[in-house]
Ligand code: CIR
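A single chain comes next, written as structure tokens; it is the form predicted alone.
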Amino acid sequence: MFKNVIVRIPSKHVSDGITSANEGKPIYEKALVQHENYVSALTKAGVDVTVLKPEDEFPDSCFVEDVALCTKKCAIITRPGASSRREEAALPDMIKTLHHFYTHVEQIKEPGTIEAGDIMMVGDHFYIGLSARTNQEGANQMISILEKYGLSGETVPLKEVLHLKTGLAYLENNNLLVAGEFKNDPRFADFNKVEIDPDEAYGANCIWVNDYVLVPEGYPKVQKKIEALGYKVLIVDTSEFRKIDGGLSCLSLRF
């Protein structure tokens, strides 16, 4: 069960965020409303939400998931692969907040790069995607730190998606949403795989929070499959964040 969540209010320059999508620029005012609704959904799922102030110098800074990994034993500050985001991991309010919640706070060091959007937690084991943002050195450092605290990790090479959790979402109870390149990956053969159709691939980025599953708005087939598993679903509109390659998991740290 999760008790706490950390989020950051979108920057007024959110429209300048990194993107590979061709869906136009986010509308700041709309992004703010969607973010507020996201926080409301998390609160409904029974967690305490710490809301950090916007950082206008960093257009992507609302995507707090990438700058830290929060585990049961420790927090690990990452070193983002996107150079424009690297200083986000050192923002004082994030560091202070992590130290408030954790006795043990570790850090990935150069030349390692890693973004926690590439990391999926399954119990005490962590799958780490090797991507354009996460290199082998970053993954090696992360696994070494996890092992220091009695946890474990393994790498998953990525071929198509930006981040590992672009195409995977673990919903607890051995249920795993899978899209695209992960459907036939032998690493995930023992899970109860719920395959996401290509036309709703973005909907694979859902998050489990205390028996609720937050699902992006506009993906009815994904919603139906999750409800069929017995989960309570909360629908959240993330259309503005999709325009800058962001999804539900990107917008929070959950622990």
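Each residue number is its position in the shown sequence, starting from 1. Source: prediction; values computed, not measured.
FYI, the form predicted together with citrulline isn't displayed, but the following is about it.
None of A179, A139, L162, I145 but one reaches within 4.5 angstroms of citrulline in the predicted bound form through a heavy atom, and that residue is L162. Picking from 217 to 225, 50 to 58, 27 to 35, 63 to 71 the stretch near citrulline in the predicted bound form, with a 4.5 Å limit on heavy atoms, gives 63 to 71. Using a 4.5 angstroms threshold between heavy atoms, G117 counts as touching citrulline in the predicted bound form. Not displayed here, citrulline is approached by G246 to within 4.5 Å at the level of heavy atoms in the predicted bound form. Although the partner is absent here, R79 lies well away from citrulline in the predicted bound form, with no heavy atom inside 4.5 Å.
Taking the partner from the other structure, citrulline in the predicted bound form has a heavy atom within 4.5 Å of a heavy atom of I18. In this stretch, 133 to 147, the one residue having a heavy atom within 4.5 Å of citrulline in the predicted bound form is R133; the partner itself is omitted from this view.
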